[in-house]
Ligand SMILES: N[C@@H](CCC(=O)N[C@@H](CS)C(=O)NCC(=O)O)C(=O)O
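Take a look at this single chain, the form predicted on its own, given in structure tokens.
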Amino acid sequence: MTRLYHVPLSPFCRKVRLVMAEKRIEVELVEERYWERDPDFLRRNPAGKVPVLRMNGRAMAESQAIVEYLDEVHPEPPLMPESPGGRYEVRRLCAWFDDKFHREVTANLLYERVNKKITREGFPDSRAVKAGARAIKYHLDYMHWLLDQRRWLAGDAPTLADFAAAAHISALDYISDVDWHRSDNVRDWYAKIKSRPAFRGILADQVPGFPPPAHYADLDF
């Protein structure tokens, strides 16, 4: 049995879920309250973080390592380019979203507004929320610039970079923190990736106490 220990709005978990769905890998989803630091979970990943993928008799952590492993052992459809330069660009953009975007945007918006309430860590820091609201404009503009030159974020075909970005964007869209009027390029890109069958599970997510906006699961916004 392939099993993914996850949190529904975690962009890192969503990235793994999207890649597995794109490759049609059946997986059992298990919600993990990682903040409670359950001993069984810590044995699976001593870092105490999600996602953790249990597959082929081994427990795997770190979302980027997981999705690159999945792309190698399940090569269809390919989500990494053949050329070294193409693979570099995909890894660069995955790092951009999982590091810079996450630190400047996701952590300041999603984590402040949702995670703090779920984990009972207090109230949102208004300064962090304002910083996240400012930063997302810069990142959307950067995505607009990329998509002005390419069909997808890293080139002419969808790659892990698109799923990394979509994981963060979709989690923020769940809490209405994406200004879809800022860039037609980004809106069209998201509509395109959102309409893929791999996105169905993500769009069906429901987090108690945090209902999504009406447009969240609407493929035409």
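Because the structure is a prediction, the values reported are computed rather than measured. A residue's number is simply how far along the shown sequence it sits, counting from 1.
Only in words, not in the display: the form predicted in complex with the ligand, which the text now covers.
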{"property": "The single option of R44, K49, K194, R187 touching the ligand in the predicted bound form, heavy atom within 4.5 Å", "result": "K49"}
{"property": "Segment that reaches the ligand in the predicted bound form - one of 175 to 183, 22 to 30, 149 to 157, 49 to 57, heavy atoms within 4.5 Å", "result": "49 to 57"}
{"property": "Partner proximity in the predicted bound form: E62 to the ligand, non-hydrogen atom cutoff 4.5 Å", "result": "yes"}
{"property": "Heavy atom of Y111 within 4.5 Å of the ligand in the predicted bound form", "result": "yes"}
{"property": "Any residue of 6 to 24 that, in the predicted bound form, places a heavy atom within 4.5 Å of the ligand", "result": "S10, P11, F12"}
